[in-house]
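Let's start with one chain on its own, the form predicted on its own, as structure tokens.
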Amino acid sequence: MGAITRGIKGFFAKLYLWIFCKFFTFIIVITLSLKRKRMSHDNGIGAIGRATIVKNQKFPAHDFFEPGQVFDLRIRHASATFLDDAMNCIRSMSIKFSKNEFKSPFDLEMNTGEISLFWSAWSFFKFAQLRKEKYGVEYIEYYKKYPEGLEGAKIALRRNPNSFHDLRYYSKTPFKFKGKDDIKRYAKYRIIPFDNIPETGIVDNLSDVDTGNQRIFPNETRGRNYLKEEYETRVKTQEVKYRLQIQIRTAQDDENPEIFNNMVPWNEEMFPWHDLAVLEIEKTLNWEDSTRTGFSLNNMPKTLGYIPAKSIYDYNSLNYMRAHSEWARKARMFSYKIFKFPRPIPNDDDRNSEDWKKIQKNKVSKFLRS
């Protein structure tokens, strides 16, 4: 009887997770996608190149990662959530082993920082609910209620990095990895500069109050688009290369759920990072091609895909939710066809903005005086 009861509870927990993710996607479609917006990464630049799987592999052999194989590559760097590169933002790098706008055999979405600001579908919902952004100040209530999210923000935020190329990007939540030997394993991914140059933009000793204040510095001299402009120049004038790395651990029968917690990095001595592929950038994309570029965790081989989740509280529910948000991308692409394509981010708009529209200066001044 106990097994039947657990089975019923498990079924309804999974059903609720499915309904939760579909409803959340519907909200994104209505509030953002049909307004020509991504959920959080509108401010970005794309590029194309090639990815070469390393020959000297120190991780278990896998059919998809054949040594020396070369894939087409499309990437997109972005800042979340604001449109001003000089703000204190999380930075991202998403990749696909294809030059297509969307179709691909392998996609990854990664952000700065080894840990995240949320750890399940439910915590992400609270993260979105308690954002309460006003002119570049946000998540104050969330950080007070969830101090672990505050620590994640302190580690992930980057202010005024020299380049998107200098940063380190992490998948954080693990994926399946079933290689040629058919042994069940888990994998995390990260991207680092090819020559491992020092990371810039890290803010040391960031206070709890300052973490929620992502506004540009007073008298900021960097432009609103300085990171995108720097990256475009860098690709034109010098070699831009990255290392895609992988971290592997073997699955256990009595698995500790905490290994799936993206707030807990794996021990690098026990589970070292190994080179997986070299990414070489050849050309940046224009604004429209960069904006049309989309990524999905469904664009992965089954032996490398996301790990099934059991409930909205399951650590793996984050990737489950991402994989079930495809209608948001489709709605955004539909909105591009129906409405005018969103204009490039202007350099002369007011700062600290996440909106395409110009913010009135008197509103900003009123907020700062309050």
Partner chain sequence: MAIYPPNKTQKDIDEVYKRAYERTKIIYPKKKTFFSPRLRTLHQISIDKGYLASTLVGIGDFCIDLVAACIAAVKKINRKIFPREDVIHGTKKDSYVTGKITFAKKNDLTTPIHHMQVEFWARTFFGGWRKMSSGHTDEEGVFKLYFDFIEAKKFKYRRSFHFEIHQVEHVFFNQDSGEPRKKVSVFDSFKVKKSDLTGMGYDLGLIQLFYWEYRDDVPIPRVVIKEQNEDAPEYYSEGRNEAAAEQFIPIEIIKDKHLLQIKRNPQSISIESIQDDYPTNLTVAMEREIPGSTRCDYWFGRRMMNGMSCATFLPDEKEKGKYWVKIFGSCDYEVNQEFAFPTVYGQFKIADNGLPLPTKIIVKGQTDAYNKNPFQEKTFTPNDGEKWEQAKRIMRVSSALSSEIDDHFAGTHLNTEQYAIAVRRNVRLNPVAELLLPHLKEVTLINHTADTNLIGPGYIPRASAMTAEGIIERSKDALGTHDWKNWKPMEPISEQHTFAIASNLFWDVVHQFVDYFFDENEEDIKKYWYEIYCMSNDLVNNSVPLFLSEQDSRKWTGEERELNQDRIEYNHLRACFDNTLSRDIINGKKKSISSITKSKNTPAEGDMDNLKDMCKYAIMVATFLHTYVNEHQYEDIGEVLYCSLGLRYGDKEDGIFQPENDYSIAPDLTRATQMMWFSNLLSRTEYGFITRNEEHDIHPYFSKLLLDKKEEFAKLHVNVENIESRTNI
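This is a predicted model, so every value here is computed, not measured. Residue numbers count along the first chain shown, from 1.
Missing here is the form predicted in complex with its partner chain; even so, the following discussion is about that form.
Heavy atom within 4.5 Å of its partner chain in the model of the complex - the one residue of 159, 99, 126, 241 that qualifies: Looking at the other structure, the residue within range turns out to be 126.
Residue (of 261, 293, 94, 104) lying close to its partner chain in the model of the complex, criterion heavy atoms within 4.5 Å: If I apply the 4.5 Å criterion carefully, the residue I get is 261.
Heavy atom of residue 306 within 4.5 Å of its partner chain in the model of the complex: Heavy-atom contact with its partner chain at 4.5 Å: absent for residue 306.
Touches its partner chain in the model of the complex: residue 271 (any heavy atom, 4.5 Å): Heavy-atom contact with its partner chain at 4.5 Å: absent for residue 271.
4.5 Å heavy atom contact, residue 315 to its partner chain in the model of the complex: So residue 315 counts as contacting its partner chain.
Contact of residue 88 with its partner chain in the model of the complex (heavy atom, 4.5 Å): No - in the model of the complex, heavy atoms of residue 88 and its partner chain never come within 4.5 Å of each other.
Stretch from 199-207, 141-149, 105-113, 233-241 whose residues place a heavy atom within 4.5 Å of its partner chain in the model of the complex: Looking at the other structure, the answer is 141-149.
Within 96-132, the residues that have a heavy atom no more than 4.5 Å from its partner chain in the model of the complex: Residues within 4.5 Å: 119, 120, 122, 123, 126.
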